[in-house]
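First, one chain by itself in structure tokens, the form predicted on its own.
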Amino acid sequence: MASHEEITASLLAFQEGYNKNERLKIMNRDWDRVVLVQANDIPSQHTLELRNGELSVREGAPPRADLTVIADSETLADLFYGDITPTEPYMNGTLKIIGSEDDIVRLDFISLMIWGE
């Protein structure tokens, strides 16, 4: 089990990887989205906000989310650190992503662009 602080650190690493990638920032400059990241085994919620191509992270839930990512704390930390891809936990039900199919695909693509396969 990962702690809330470990999830925060993984999201900050994801944010850093994203914001260092100029190509991603250009590709997503018109894709403004709010993502709720929620652990289902510990009290932990974070907001990822993509505005004008820049990604920010803050603790707590947003008033409204375009996408919701739910998993156990260890899966979330591993996912946002890039230790695992979302495919296996998504397919086996450990990872649940709620949102439009286009947004889910875009989020997966961003993850692959930051961490590779």
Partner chain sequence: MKRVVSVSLGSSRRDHRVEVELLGERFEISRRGTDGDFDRAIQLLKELDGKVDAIGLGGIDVYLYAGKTRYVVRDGRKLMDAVQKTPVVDGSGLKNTLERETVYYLREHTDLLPPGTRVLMVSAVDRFGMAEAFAELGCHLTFGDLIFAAGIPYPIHTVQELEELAARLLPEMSKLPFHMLYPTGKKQETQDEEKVKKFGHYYREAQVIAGDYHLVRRYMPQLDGQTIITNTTTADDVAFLKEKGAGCLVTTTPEFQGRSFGTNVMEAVLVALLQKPWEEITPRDYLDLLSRLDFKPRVVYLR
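Source: prediction; values computed, not measured. Residue numbers count along the first chain shown, from 1.
Below: the form predicted together with its partner chain, not depicted.
Residues Arg23, Met91 and Met113 are all found to lie within 4.5 Å of its partner chain in the predicted bound form, as judged by heavy atom distances. The chain is drawn here without its partner chain; in the predicted bound form, the stretch among 79 to 87, 36 to 44, 65 to 73, 51 to 59 whose residues come within 4.5 Å of it by any heavy atom is 79 to 87. Among residues of the shown chain, Leu95 is not one whose heavy atoms approach its partner chain to within 4.5 Å in the predicted bound form. At the 4.5 Å threshold, heavy atoms of Glu16 stay clear of its partner chain in the predicted bound form, well away from it. With a 4.5 Å cutoff on heavy atoms, Ile104 counts as touching its partner chain in the predicted bound form.
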